[in-house]
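Next up: a single chain in C-alpha cells, the form predicted on its own.
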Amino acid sequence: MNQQRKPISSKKVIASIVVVSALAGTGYEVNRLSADPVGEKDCPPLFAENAASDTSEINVEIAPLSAGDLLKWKQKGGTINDVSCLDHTFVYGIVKITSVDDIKNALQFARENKLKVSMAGVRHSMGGQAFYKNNLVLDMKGFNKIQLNEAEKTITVQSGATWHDIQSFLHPKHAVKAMQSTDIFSVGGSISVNAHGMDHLAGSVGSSIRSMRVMLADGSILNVNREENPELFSLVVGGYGLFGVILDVDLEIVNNDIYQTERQLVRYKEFPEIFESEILLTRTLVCSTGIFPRRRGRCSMR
C-alpha cells in the first residue's frame, strides 16, 4: 500500500536555505581567520624609527566641495590595520588631518557620499571597533599643536598629539595631571576610552579635562565641559569617537615634582589597618592641599 507523502512547506524550505547559508558563511569566515599568512604584514611597524619616511600627499579636488577646497588624501582605497595586525579592514580612503578645516571638509565629503567616518591616532585601539568597512578614516597624527596657559595651570592640546609630545613640551617645569600608563598614545584616543593611568590619586584622563571643543557630524563645533553641554561631555569621554570629533582639549597640569617611590610587603590580614592608617591618611593630606576639586563637601579624586 503506497503512502502519499506530505508536500514540504515553503517555510521549511526557506528555513533550510537560511541555515545552510549561515553554516557556509561561518565556515568561510573560520577558514579565512585560521588560514596561514599569504605575505608580509601590511600594518605599520611598532616603532616610528623603523618606518619608511613617506611624507608625500595626494591632493585630490573633490567636486561636491566649494571651489578651491582640497582633501589631503593620504590613501585612496586600500586597507588599514592597527598595530596588532589583527584588524585588516578595507576602507574608502584615509585623509591626512592638519587643521580644523580638514576635518570639516572631510565630514562634508562623507555626508555627501554617505560614508561612515572613524578617527585614527596611533592605532592602538584593538578589537575591530576603531575601523569600519569602506569608511573614511581621518588620520589625526598631524593635528597635534600644544599651547600652555601657565596662569590657569592648563594646556590646550589638539587631539592628535601624543602624551610624549606633551611631556616633551612641558618638561622640566610642568607635568600632566593624569595620562595613560605609557606616553605612546594620542590624547584623542585616551579620552575616547577614558583611559586610566598608574596614579590612582589622579584618576582617569577624563578627570583632568577642563573643557573640549567637539565637531559634530554636521560640521558644527560645540564647547563641551561639565557645565556647558554636560551630556555630550559624558558621551564623548569614553565614547569611542561615536559622538563627534575631538578637536582640542584643555587639560589640567601640575608642577613637575619628583617623588621617591617605596614598596613594602604586607600580610593580607594587616592590609585593612595599613590602608586606614597610611593610604587614607595620604588621601586626606592631598585633599587638604586643594589639588583636587571638592564636590558636596568632599574631595573628588575620581
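Remember, predicted model here, so these are calculated numbers, not experimental data. The first residue of the sequence shown is number 1, and the count goes up from there.
Just so you know, the form predicted in complex with a small molecule exists too; it's not on screen, but the next bit is about it.
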Indicate whether N134 is a 4.5 Å heavy atom neighbour of the small molecule in the predicted bound form.
no
Check whether K177 has any heavy atom within 4.5 Å of a heavy atom of the small molecule in the predicted bound form, and answer yes or no.
no
Give a yes/no on whether S190 approaches the small molecule to within 4.5 Å in the predicted bound form, heavy atoms considered.
yes
Please run the contact check for K96 against the small molecule in the predicted bound form: heavy atoms, 4.5 angstroms, yes or no?
no
Report yes if all three of G121, S159 and I246 come within 4.5 Å of the small molecule in the predicted bound form by some heavy atom, otherwise no.
yes
Picking from N144, N105, S125, S208, the single residue whose non-hydrogen atoms come within 4.5 angstroms of the small molecule in the predicted bound form is S125
In the predicted bound form, which of the listed residues (A130, L71, A202, V91) lies with a heavy atom within 4.5 Å of the small molecule?
A130
Per contact check vs the small molecule in the predicted bound form (non-hydrogen atom within 4.5 angstroms), the hit among 113-121, 165-173, 223-231, 148-156 is 113-121
